[in-house]
Each structure stands twice: as C-alpha cells, then as structure tokens.
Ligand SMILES: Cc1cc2nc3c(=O)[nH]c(=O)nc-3n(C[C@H](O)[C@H](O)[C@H](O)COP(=O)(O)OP(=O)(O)OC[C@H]3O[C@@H](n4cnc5c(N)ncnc54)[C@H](O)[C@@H]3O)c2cc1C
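This document opens with one chain alone, in structure tokens, the form predicted on its own.
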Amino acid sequence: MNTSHDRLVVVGAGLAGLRAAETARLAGFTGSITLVGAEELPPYDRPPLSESVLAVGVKTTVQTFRTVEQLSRKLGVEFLGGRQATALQFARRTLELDERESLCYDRQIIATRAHHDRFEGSDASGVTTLRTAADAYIVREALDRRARVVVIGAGLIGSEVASAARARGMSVVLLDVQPLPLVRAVGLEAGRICAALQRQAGTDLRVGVEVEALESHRGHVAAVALRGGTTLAADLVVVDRGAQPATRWLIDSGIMLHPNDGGIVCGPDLRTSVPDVLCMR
C-alpha cells in the first residue's frame, strides 16, 4: 500500500530510470523517490552521442531530459549523480553505494545499462566505449587531434565512429568478428551493402577477425593484437562489441540472474525473485 512514508529507490539514471520515476508519480506514488546514477549528469538523450557530438566542426552539448532542479521541483525526485551501486542487501532493505554509503528503501527499481566486452589491456588510457557523454568527448577530442583509430565492433555505434573519422579525412580500421557488419541486425544482403559503403568511404573494414589483446606503452594504448599475429597501431580504441547486463553488483543479492548472460530474471510484471524489487527491461 502506498503511503507518504514509502521510499522508492531507482538504480540507473538513463531514460528507463527517468521513466520509472515519472510513472511512479503518475500512478499516484507520494513517497520519496531517489534516482541513483553512475554519471554526474541527470538523464540525457543518448543517440546524439555518436552523431552530433562527433560531427565535424559542431560543438554540441548533451541535452538532458530534465535538469536536477526540474527533477526535484516537478517530480519530487532526489538525484544522486556520480554514484555506483555496489550491493543489494534485501534482508535489510538497503542499497549499498560506493564511498560506504547506504540507502534504505521500501521499493526498488533496477534500470541499469549494459557493458561491453573487455580485452587484455582494456585498462589502458585511450581505450573507451561510446555509452556516456564522457566517452563521446574522449572520442571527439581524439578524432580532432587525428589519432590513429581502431574500432572493435562494426555495429551502429562503431560504424558511426568510423564515419566520423572518415569525415575528418582520417584513416580508421573497423573490426568485427562477424562475416559482415550489422549482419545479425539486418541480414546478409543489407550487411553486404553496409560493407560496400564502408569501404567506398575509405574505411579499412576487416571482418571475421578476432581481437586477442590490446597493447600499451606507458599506460596508453599503442596497438590492437589480432588472433593470427596481425598487430594494428592505435592511439584510440573504441569498443562496440559484446554488450552484457551490468549486474555484477547483484551476484550476492539473492536476485535470480540468468546463467547465460547474468541478466535479471523477472516475470511479465517486472518483479524479480526478491520482494519489492522490480527490473526495467
């Protein structure tokens, strides 16, 4: 039963987390709502990160859906940015955060994102994904200084990074373990068209290849080593491959995770195996 003393904590400050908070208010929830996000920014529009933010000569800023003030004033939502969820203690109904902070909750919604594959050497500087505003600015700065670019994964984001590099007249290597770019999403015929367009634009597209490790020099990425012995020089490596649910922090929580990918198992009503914890999917 909803009372004004109920405490709802939403973990994940992307669009799903924002919609969860908005929906709770629309449904008549009058208790406190705390929105926890790993980034300092409140929820923002992510598709432009790989489009307008990387465009040549355009200084684009990230567009937030709501400001921190709007979250507080219009929705009554407390935004905790730059904080990582580290554990869930369902018996005590507490969410553990970094810096040894805990949040008590009556109800919780998990709306965390995915993470990409990691390779040996992924901790070096110059290795990034393109999932956050900070990532986008790292990639843009590297492109603007004409870094040697290798993109691992020829999906939509990887292809857009390659296109941004080519728009600056830079060479770029685009790698994918699949036989064609985007083949799982669009099929063989469209995949062949995508491959032809990339090569016509001057992208060094290499498909059916597997990355073995990332090599570094003095802490910065220097090369991408492929299985079979080929090594590609790189100042910037963008990884767009192998998205997995970001649920490692839930391993000992009691929440049932899928044995294949670690995704949260929930029913059609979004309820997890733990009482009063829902999952946005």
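Residue numbers run from 1 along the displayed sequence. Since the model is a prediction, treat every value here as computed from it, not as a measurement.
Although not depicted, the form predicted together with the ligand is the subject of the following passage.
Novice: Closest heavy atom of residue 84 to the ligand in the predicted bound form, within 4.5 Å or not?
Specialist: Although the ligand is absent here, residue 84 would touch it in the predicted bound form, with heavy atoms inside 4.5 Å.
Novice: Find out whether any non-hydrogen atom of residue 13 is located within 4.5 angstroms of the ligand in the predicted bound form, and reply yes or no.
Specialist: Result yes; residue 13 sits at the interface with the ligand in the predicted bound form.
Novice: Please check if residue 68 has a heavy atom lying within 4.5 Å of any heavy atom of the ligand in the predicted bound form.
Specialist: No, no contact at 4.5 Å.
Novice: According to a 4.5 angstroms non-hydrogen atom cut-off, is residue 229 in contact with the ligand in the predicted bound form?
Specialist: Contact with the ligand, no.
Novice: Which of 130-138, 146-154, 187-195, 173-181 has heavy atoms within 4.5 Å of the ligand in the predicted bound form?
Specialist: Correct option: 130-138.
Novice: So which of 256, 38, 213, 62 reaches within 4.5 angstroms of the ligand in the predicted bound form, heavy atom to heavy atom?
Specialist: Flagged contact: 38.
Novice: Going by heavy atom distances of 4.5 angstroms or less, which of 47, 219, 57, 28 would be at the interface with the ligand in the predicted bound form?
Specialist: Selected option: 47.
Novice: Even though the chain is shown alone, can you say which residues of 229-261 have a heavy atom within 4.5 Å of the ligand in the predicted bound form?
Specialist: 246, 249 sit within 4.5 Å of the partner.
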